[in-house]
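A lone chain, given as structure tokens: the form predicted alone.
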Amino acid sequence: MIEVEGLSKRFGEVLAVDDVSFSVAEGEVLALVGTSGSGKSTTLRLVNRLIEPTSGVVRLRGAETREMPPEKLRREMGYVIQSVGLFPHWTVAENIAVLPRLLGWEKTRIAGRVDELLRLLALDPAEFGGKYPRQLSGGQQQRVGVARALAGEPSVLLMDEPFGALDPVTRARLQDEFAAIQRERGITAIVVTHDLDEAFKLGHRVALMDRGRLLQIGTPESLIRSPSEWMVRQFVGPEERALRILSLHRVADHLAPAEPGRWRMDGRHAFDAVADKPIGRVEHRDTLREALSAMVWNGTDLLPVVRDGEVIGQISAAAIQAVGRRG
């Protein structure tokens, strides 16, 4: 889908991006992560030619982007930035409809697309379509920014610190929503972030940058288990390595069958029928890190796993520890 080969950008004496190469497959999310000044945002702008490279090539489906008319390239690549950049005197619906209008879509098609995207991003069209950006919270504005980027049905979504300015709770919620939408729609995306946990949460693969160079690229777990050099090891955090690995695995993939008669549910509360006492529980979609925290909190090494209010299995501390230390 996207190929970046030998990409470099020099601003005067400063080499901001230094011979960077990577590829992004269709339906894949690549997270570019690094500290401030590492070159990750500049790399993203080079991909869609917001700035021109000093050297190197970017290809989209095999075609060199420098040979494509800029307006066609921008239609192919939706762009989301931290500051959102909504037009303040236009309604939410008008902001989302900008590109479809420029593309000459019929009004009924535009209206349907706006409604579809608002619902997709958990915004009721009847409630939010007619509002202005100043009437929205930061999280709602960011949702509208994502909807606007998706409105023209781009083949690629580029996101530059898309959730960086939000509070932790809103940020986590939007990360979850984006991950769910990406899985459902098979969106191809490059996400720039300085937050390694966000990169691991959103990216199928993660590319770690420093001083304009690409240090290592791979799956989140491969970066944690096999960092290629000192800088990668420091960024990943050796003291937190096991916990980071546990954050990459879902309980649903490691549960065991429930012991017959061991657990029962009473509404939203779980009980250990053998000990005849209430007990904590974990959801099937929780991470192993969250499950381990629940075990520590409840003083147990075994908890029921619940989905839609029903016990579907159990997870043990031993199973979690095996994932954290293997390999």
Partner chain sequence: MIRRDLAVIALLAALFGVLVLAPGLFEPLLAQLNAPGQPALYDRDTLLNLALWHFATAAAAASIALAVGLALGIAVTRPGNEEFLPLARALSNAAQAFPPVAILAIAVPLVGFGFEPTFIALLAYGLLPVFEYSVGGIRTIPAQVLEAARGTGMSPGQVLAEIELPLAAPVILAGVRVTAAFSIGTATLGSTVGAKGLGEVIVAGLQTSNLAFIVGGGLIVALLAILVDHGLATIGRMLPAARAVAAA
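In this text, all values refer to a predicted model and were calculated from it rather than measured experimentally. Positions refer to the first chain, counted from 1.
The form predicted in complex with the partner chain exists for this protein as well; it is not shown, and the discussion that follows is about that form.
Colleague: Is V98 near the partner chain? Define near as a heavy atom within 4.5 Å, in the predicted complex.
Modeller: Judged by the heavy-atom cut-off of 4.5 Å, V98 is in contact with the partner chain in the predicted complex.
Colleague: Residue-level contact is defined here as any heavy atom of the residue lying within 4.5 Å of the partner chain in the predicted complex; does A207 satisfy this criterion?
Modeller: The answer is no: A207 has no heavy atom within 4.5 Å of the partner chain.
Colleague: Does the 4.5 Å heavy atom contact test between R148 and the partner chain in the predicted complex come out positive?
Modeller: Close contact exists here: in the predicted complex, R148 approaches the partner chain to within 4.5 Å, heavy atoms only.
Colleague: Is the gap between T219 and the partner chain in the predicted complex 4.5 Å or less for some heavy atom pair?
Modeller: Contact check for T219: no, nothing within 4.5 Å of the partner chain in the predicted complex.
Colleague: Tell me which stretch of 172-180, 190-198, 104-112, 86-94 has a heavy atom within 4.5 angstroms of the partner chain in the predicted complex.
Modeller: Going by heavy atoms within 4.5 Å, the stretch is 86-94.
Colleague: Thinking of L50, R74 and I81 as one candidate spot, does the partner chain come within 4.5 Å of a heavy atom in every one of them in the predicted complex?
Modeller: Looking in the predicted complex, the three residues L50, R74 and I81 all sit within 4.5 Å of the partner chain (heavy atoms).
Colleague: Considering the partner chain in the predicted complex, which of R59, R45, R262, H284 comes within 4.5 Å of it through any heavy atom?
Modeller: Contact with the partner chain in the predicted complex is made by R45 alone.
Colleague: Determine the residues of 128-150 with a heavy atom within 4.5 Å of the partner chain in the predicted complex and present them in sequence order; the list may be empty.
Modeller: Heavy-atom contacts to the partner chain in the predicted complex: Y132, R134, Q135, R148.
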